[in-house]
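A single chain comes next, written as structure tokens; it is the form predicted on its own.
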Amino acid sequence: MSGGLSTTGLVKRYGTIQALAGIDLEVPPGSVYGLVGPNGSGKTTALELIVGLRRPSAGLIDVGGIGERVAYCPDAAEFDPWLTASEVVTLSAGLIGRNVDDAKVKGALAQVGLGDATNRKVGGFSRGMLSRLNLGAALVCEPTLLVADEPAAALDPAGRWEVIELLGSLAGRTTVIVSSHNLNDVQRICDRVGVLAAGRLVYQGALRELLERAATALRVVVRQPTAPVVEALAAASWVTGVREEQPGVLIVEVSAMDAAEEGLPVVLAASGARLVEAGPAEGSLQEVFFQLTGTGPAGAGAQEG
């Protein structure tokens, strides 16, 4: 399918301030790509360059020849308060020259959980409802590329879950780039991730590979009894801790992954373990984020920009 995106040497300067220092994004068609970074890292600037709201100081942007089929959901959408929800969605399509019938408008609003607010004026909408409307106005145009900046920031936990799951469900049909300060959301739906720090791309690639690369523990699944296996593992020089997360599921903290990968088969064989599976225990995206960006928990709630 068409709809992938790439940038080459993308630079943006505001006077003497360099917001982006030459980033090369690669977003495959049909992927759900998470763009994350601490406050001031350049996330919003990158998104606005991609959708044409700002011009780059240098570099190239290739959106796969999809032209007007790019939809952008800013983090704080504003709509004329006297319009109804259906009028906002209809107008959104009309701005790019697409005529949509009532059924399509209602379908888009129902898709984002506003099916019962079709004829309500948006001046009375809560922030969460405006966030949903923002997404509905984008989806009615059936974009090939959807760019969403903090799409669920104003929603309660249930609403956040629904919107994030909706974005994830677009995988394979729509290329999605989502920026969020909630790293759990990104980890749940994104297959690829880019990490920005001070305007530079410090990591880009498959999310699973990133989590596995940063892992400091092994997940080992064995048949019962587990006590002899736990005892043998705890005695290994490269093991710093063992816990049984569930019956038969062992999380083995290690001091060095290379030593663990070499020593694990030996320990399991010596203890008579009946192995079901073994591999790196996934860390959280938040842990890896702190490592890559040099930030810590004190800055975890301030990752916009």
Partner chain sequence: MGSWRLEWVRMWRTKRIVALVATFVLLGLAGPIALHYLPELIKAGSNRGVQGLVFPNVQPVQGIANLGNNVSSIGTLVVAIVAAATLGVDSDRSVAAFYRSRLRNPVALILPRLTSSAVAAVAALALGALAAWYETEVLLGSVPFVPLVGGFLLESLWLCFVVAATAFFASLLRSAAGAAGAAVASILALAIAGAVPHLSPWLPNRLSGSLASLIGQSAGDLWKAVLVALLGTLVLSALAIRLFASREPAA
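What you see is a predicted model, and the numbers here were worked out from it, not measured in a lab. Residue numbers count along the first chain shown, from 1.
From this point on, the text means the form predicted together with its partner chain, which you will not see here.
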query	finding
is_contact(Y203, its partner chain) in the predicted complex, heavy atom dist at most 4.5 Å	no
Partner proximity in the predicted complex: V88 to its partner chain, non-hydrogen atom cutoff 4.5 Å	yes
4.5 Å heavy atom contact, K121 and its partner chain in the predicted complex	yes
is_contact(R55, its partner chain) in the predicted complex, heavy atom dist at most 4.5 Å	yes
Interface stretch in the predicted complex with its partner chain - options 229 to 237, 186 to 194, 172 to 180, 79 to 87, non-hydrogen atom within 4.5 Å	79 to 87
Single option in V32, V70, L250, A260 placed near its partner chain in the predicted complex, where near means a heavy atom within 4.5 Å	V70
Its partner chain: the contacting residue among L155, A138, A217, L109 in the predicted complex [heavy atom, 4.5 Å]	A138
Its partner chain in the predicted complex: contacted by all of K43, L60 and G168, heavy atom 4.5 Å	no
Any residue of 89 to 113 that, in the predicted complex, places a heavy atom within 4.5 Å of its partner chain	T90, L91, S92, G94, L95, I96
